[in-house]
Every structure is written in structure tokens, then in C-alpha cells.
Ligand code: ADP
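Just one chain follows, in the form predicted alone, and it is written as C-alpha cells.
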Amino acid sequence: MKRVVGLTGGIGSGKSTAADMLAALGASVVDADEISRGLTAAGGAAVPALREAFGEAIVPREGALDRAAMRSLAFSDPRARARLESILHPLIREEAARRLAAATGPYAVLVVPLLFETGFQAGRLERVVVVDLPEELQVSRTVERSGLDPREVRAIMAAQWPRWRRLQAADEVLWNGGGLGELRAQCERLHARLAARAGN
């Protein structure tokens, strides 16, 4: 079975950037967020169940999930978030497993924002890598990237594991409080270790 490494971090931490760098070095990357976007796009496999659960205000007929409206509902209503997860997570796991089985790189990277919180692939990951940075930088980068209000970003962060807890659970940490060159150098070192281990 191919070696699978988990990659996670809080919102705005730079998970996708790190994953892209590892992919450029030869890793096979499977991104749970990308799978989720496909499942909730117009015609996506999750759309009928989501429309039935949340109505046409959240999932317009013949349309895609309104991600902003769903995010607002999910982070204000824990029951709605649990319902959303009960629909999406099994489908994401199924598609992720299919993509991991087809991976061709020396190792596979499974990118999951809520890896620890959901227990995604628990016990089946060789290592877990956390992308880390100061919380203030996490907020400012997310606001710049997404246009969300800082209060919305902090509400999302509050629903995720705190930084100290992620770091405590990590096997490896990629520091993303500096520039892209610094992150790239860390990814190169990580890739060299993982590729060497995969060759054993």
C-alpha cells in the first residue's frame, strides 16, 4: 500500500501552497477541499442530499451549494454543521480513498483542513504534517485571500483545533510565518525525507 502523509493546518495557514510545492517535487496530492468543491458544484453527487437537508435557499435548484450561505449557517448552528458533515464526509472519504489508490508518486499527501477534528483516515496515515504560522498572520492572510471579515475568520478558527493542540499532535511542522522561499526549502527537505523513506 502506498505511504500516505496527512497535511493539515488552520484556515489561511498555507496548506494548499505547501501541497502544490510537494506536488511539484513529485508527490501525489489528494485534496479533500477540492473533492468537496466537486461534490457541491452544480451536478455534484452531494447536491441532492444537501438541497433536501437545507432547502433551495442554500442549494438553488439546478445550481451549486451556496458556500458562503452554508458557511454562515454551519458556523452559527452546530446541528447544521453536523448535518452537513454527515452528508459530505462519507462521500469525501470514498473519493479520497479512490484517488489515493490510484496515486503514482513515491508517496501520497492527503490534504485535510479538519484532519484532527474529524479523525479523517485515523490510523492509516504514516505521518501528519502541520502547516503553522502566528494566528494574527493567519487572520490577515485569510482576509486578504477570501475577503472574509476578520470576525468571520476568527469564528472559523474557534471551530478548529487551537494552534497549540495541532502542534502537539503533529509529526512534522512546516513553518509558514516567513516567505515562500523559506516554505519551499522546508518542503524540499520534507520531500527528500519522505521519498527516501518510501524507497526503503
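Start at 1 with the first residue shown and count on from there. This is a predicted model, so every value here is computed, not measured.
In what follows, reference is made to the form predicted in complex with ligand ADP, a form of this protein that is not presented.
Not one of Arg81, Thr118 and Ala158 is positioned with any heavy atom within 4.5 Å of ligand ADP in the predicted complex. Using a 4.5 Å cutoff between non-hydrogen atoms, Ile11 counts as a contact of ligand ADP in the predicted complex. Using a 4.5 angstroms limit between non-hydrogen atoms, Arg145 touches ligand ADP in the predicted complex. Ligand ADP in the predicted complex is not approached by Ala192, whose heavy atoms all lie more than 4.5 angstroms from it. A residue is said to contact a partner when one of its heavy atoms sits within 4.5 Å of a partner heavy atom; Arg165 fails this definition for ligand ADP in the predicted complex, lying far away.
When you look in the predicted complex, the only residue of Arg67, Arg37, Arg154, Arg141 with a non-hydrogen atom within 4.5 Å of ligand ADP is Arg141. Only one listed stretch (22-30, 171-179, 43-51, 57-65) carries heavy atoms within 4.5 Å of ligand ADP in the predicted complex, and that stretch is 171-179.
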